[in-house]
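Just one chain follows, in the form predicted on its own, and it is written as structure tokens.
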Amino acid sequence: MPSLLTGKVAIAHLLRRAGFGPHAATWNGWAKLDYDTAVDRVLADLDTPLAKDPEPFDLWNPGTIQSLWIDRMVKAPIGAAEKLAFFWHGHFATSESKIIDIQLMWTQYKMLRTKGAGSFRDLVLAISKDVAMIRWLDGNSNRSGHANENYGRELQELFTLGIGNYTEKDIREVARAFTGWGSRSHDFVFKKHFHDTGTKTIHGKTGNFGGEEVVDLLVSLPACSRFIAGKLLRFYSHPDPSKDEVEALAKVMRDSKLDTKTTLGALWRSESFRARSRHRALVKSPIEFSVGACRALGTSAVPGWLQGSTDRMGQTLFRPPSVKGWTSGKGWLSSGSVVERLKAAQRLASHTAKARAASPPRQPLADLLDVALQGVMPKELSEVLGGLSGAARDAVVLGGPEFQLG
């Protein structure tokens, strides 16, 4: 049995992984909970209704939807629902750079946010009908006799099965099944006259399959639950899950009929997730770092410059670099991005200090050292902090390696 994280260190670990980290305004209450109760609260957060768009809301103003989503991540009481939508945004990576219609990207976010914790089968079907995805992977040019294989390939390689679990013939046949699945303006349409009604053979099964039947077929394959379980473990727990860990979580997924919430509950309650060897085992992405810093500081108003800062760190919401999504782990730590992280830490600390001076918070905020580090810090950091106070101290805490790791 592995040595497990306990007490407030375990609770903070859960909040960093399942969400974006503890919030200074609520941390004192969380720190007193037992672990199972904390997991129950996090799981309940996955059912939090999607917030209404503010009024007025000009989503065509550059950066508006990026800033609004960051704001929701920062201000969410727990943030698990937004973190899961963020995971699916990277999994079903779609970029506005090709779509050139920000409304479609915002519609896709709402779908991922609404359906993300439910049936993975339903989520795959929804993304297959999502107009941004259809445009992104050229669904409108997928027609009988001239099948476009882009979605057929990525659906299997990146969204459901993973490399090595399909053949080139499977790609061609899946593409045929999705012929006629297209869009008109902002709506999904099935163009019957473009659909290939011939017999297809996919993963050893033969029939007159359409897109919905293919989704059912793919998600029922054991490779699908293993692939998604592996991605969930690498995103939420640690970068190198064992085959046994993947298979155990994949079984939970299959037994729950591909229910994502049930699968995440098993992941967060597992001994592997809470093992001391998993503590600070993930490098925070720019969004995770920036949002987590705002929450740890108890920032009441997210500064407008923060989105530009995450851009310079290498991560722009709604603009992943390719259909494969963003990098991970040490891939985030280029020299330029690390410098930008340090600058962001300094600016956030100063911004929050000035905001508090102008308008003190309505409720007491937990001390940053406890929110961010739970008292677990190396001797070197303790010595540096000994001569600092206020924004200068906060900037060092946020810029230090301990906080940069999730």
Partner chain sequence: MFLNRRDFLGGAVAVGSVLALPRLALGDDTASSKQARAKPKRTLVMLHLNGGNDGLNTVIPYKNPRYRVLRPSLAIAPNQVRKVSKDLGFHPGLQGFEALFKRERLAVINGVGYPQPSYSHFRSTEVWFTAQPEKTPTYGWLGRALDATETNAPLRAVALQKEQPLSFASARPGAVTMTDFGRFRVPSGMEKASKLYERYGKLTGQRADVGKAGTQALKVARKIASLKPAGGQFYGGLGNDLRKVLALLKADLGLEAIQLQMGGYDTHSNQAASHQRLLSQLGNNLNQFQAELDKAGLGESVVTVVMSEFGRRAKENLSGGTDHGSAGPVFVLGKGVKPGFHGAYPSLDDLDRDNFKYTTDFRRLYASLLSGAFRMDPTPILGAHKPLELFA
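Bear in mind the structure is a predicted one, so any value in this text is a computation, not a measurement. Residue numbers count along the first chain shown, from 1.
Below: the form predicted together with its partner chain, not depicted.
Annotated contacts: 281, 332 and 380 all touch its partner chain in the model of the complex [non-hydrogen atom within 4.5 angstroms].
Note on the partner interface in the model of the complex: the residue among 247, 130, 71, 96 having a heavy atom within 4.5 angstroms of its partner chain is 96. Note on the partner interface in the model of the complex: the residue among 215, 85, 264, 313 having a heavy atom within 4.5 angstroms of its partner chain is 313.
Heavy atoms within 4.5 Å of its partner chain in the model of the complex belong, among the stretches 304-312, 119-127, 218-226, 265-273, to residues of 304-312. Although the partner is absent here, residue 4 sits far enough away that none of its heavy atoms falls within 4.5 Å of its partner chain in the model of the complex. Interface membership of residue 342, defined by any non-hydrogen atom within 4.5 Å of its partner chain in the model of the complex, is confirmed. Residue 239 belongs to the set of residues with a heavy atom inside 4.5 Å of its partner chain in the model of the complex. In the model of the complex, its partner chain stays beyond 4.5 Å of every heavy atom belonging to residue 10.
Shown without its partner, the chain has 395, 396, 399, 400, 401, 402, 404, 405 in segment 389-406 as residues with a non-hydrogen atom within 4.5 angstroms of its partner chain in the model of the complex.
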